[in-house]
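Okay, here we've got a single chain as structure tokens, the form predicted alone, with questions on binding and movement later.
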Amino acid sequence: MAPRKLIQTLLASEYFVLILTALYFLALWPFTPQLGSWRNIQHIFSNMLPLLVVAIGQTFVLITAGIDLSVTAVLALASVIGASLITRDGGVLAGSFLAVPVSVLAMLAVGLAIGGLNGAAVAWLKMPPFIVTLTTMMFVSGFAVLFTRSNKIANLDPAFITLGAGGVGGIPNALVIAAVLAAATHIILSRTPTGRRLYAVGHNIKSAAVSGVPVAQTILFAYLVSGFCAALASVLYTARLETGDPELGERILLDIIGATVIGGTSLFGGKGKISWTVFGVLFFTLLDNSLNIRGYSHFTIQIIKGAVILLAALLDTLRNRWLAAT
């Protein structure tokens, strides 16, 4: 096969990012032996799961040609709301058998409420998704800090902590939660009318409306999913860290959007799969892990991540142009 044809085949392949991840791992392993240790591999997958959950929600929004910058604020507010209910240092539900389920439901309600507000503003008020979610991020982030006076909430109910750190039969609870979510959202996107409507809106919103697609409801659904997934990820992060943190997720917005885009979900809308998001999150988590092992500073890591995301966006543009020309 000619080199040009091979490159085109790889770029068009659904497994391009997975292949890239494997090649990156194999290329770096000889120079960083600890990268392939069982403990480090476990650490990679442990870090990957909560990020995957929130990235799945971002996938839905990007498919509609939108973007949700408020997910990190949802992570923070849901974290402190849930933790404030179950902390043994004066939590409202401390010691109650309802503590864990009620706190989890409260956290998910926070995500759905914020997602609903974002979706309503974008769908019915026709406001730009970037501005809407950026404003939401600023307001909600500030409120989370104000709510706790910038203090973390510790001493959480042990039963809640098991959601992020525990497991059954050697299988982590976080893995079960992420796997169920991934399977459910894959079915929605690939086998339901709702999934087809999401892609239609992302391809061409005007054509979708003319074809009878309920555009506003479809956009609202995408942002509700994003808010729900961010809140669910907050449950996993908070349980894993054993602390309600008003600044939770502050530094991972780049990771969330970057992993989703690197996986192949188009910034132009109309294209994306949950499996692609899984591959993108795996690559981004491996990249972050390897750079930390190599001892790079936080600022250097951010520069490299930014360059990788820019390259992914460029590849996305080239893919669209190439597909349009063929």
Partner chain sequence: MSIPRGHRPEAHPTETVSRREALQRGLAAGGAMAFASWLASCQTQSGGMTIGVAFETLQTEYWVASIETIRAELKKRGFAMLEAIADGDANRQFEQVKSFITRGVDGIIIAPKDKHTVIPMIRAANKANIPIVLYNRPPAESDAKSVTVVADNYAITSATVEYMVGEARKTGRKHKAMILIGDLGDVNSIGRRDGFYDVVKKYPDVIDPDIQGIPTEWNQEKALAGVTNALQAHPDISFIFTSSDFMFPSIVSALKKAGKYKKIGEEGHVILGGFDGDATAYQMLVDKYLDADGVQDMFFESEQAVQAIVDLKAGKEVPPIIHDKGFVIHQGNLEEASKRMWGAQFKK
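Positions refer to the first chain, counted from 1. Small disclaimer: the values here were computed from a predicted structure and weren't measured. Each form is matched to the other, and the largest set of C-alpha atoms that superpose within 1.5 Å is called the rigid core.
As for the form predicted in complex with its partner chain, it is not shown, yet the points below apply to it.
J.: Would residue 127 show up as a contact with its partner chain in the model of the complex if we use heavy atoms at 4.5 Å?
T.: Outside the cut-off, so no.
J.: Does its partner chain get within 4.5 angstroms of any non-hydrogen atom of residue 102 in the model of the complex?
T.: Answer no; every heavy atom of residue 102 is more than 4.5 Å from its partner chain in the model of the complex.
J.: Wondering, does residue 243 line up within 4.5 Å of its partner chain in the model of the complex on heavy atoms?
T.: Residue 243 belongs to the contact set for its partner chain.
J.: Evaluate residue 267 for contact with its partner chain in the model of the complex, applying a 4.5 angstroms cut-off between non-hydrogen atoms, and reply yes or no.
T.: Although its partner chain is absent here, residue 267 would stay clear of it in the model of the complex, with no heavy atoms inside 4.5 Å.
J.: Which one, 148-156, 207-215, 183-191, 77-85, holds residues whose non-hydrogen atoms are within 4.5 Å of its partner chain in the model of the complex?
T.: So the stretch in question is 148-156.
J.: Would you mind picking the one in 252, 137, 108, 220 that has a heavy atom within 4.5 Å of its partner chain in the model of the complex?
T.: Here the answer is residue option 252.
J.: Residue by residue through 31-67, which ones have a non-hydrogen atom no more than 4.5 angstroms from its partner chain in the model of the complex?
T.: In sequence order, 31, 32, 34, 37, 39, 40, 43, 46, 47 come within 4.5 Å of the partner.
J.: When the rigid core is used for the superposition, does residue 28 move between the shown form and the other one (threshold: C-alpha shift of 2 Å or more)?
T.: Residue 28: C-alpha displaced by 2 Å or more between the shown form and the other one.
J.: On a core-based superposition, does residue 267 travel 2 Å or more at its Cα between the shown form and the other one?
T.: No.
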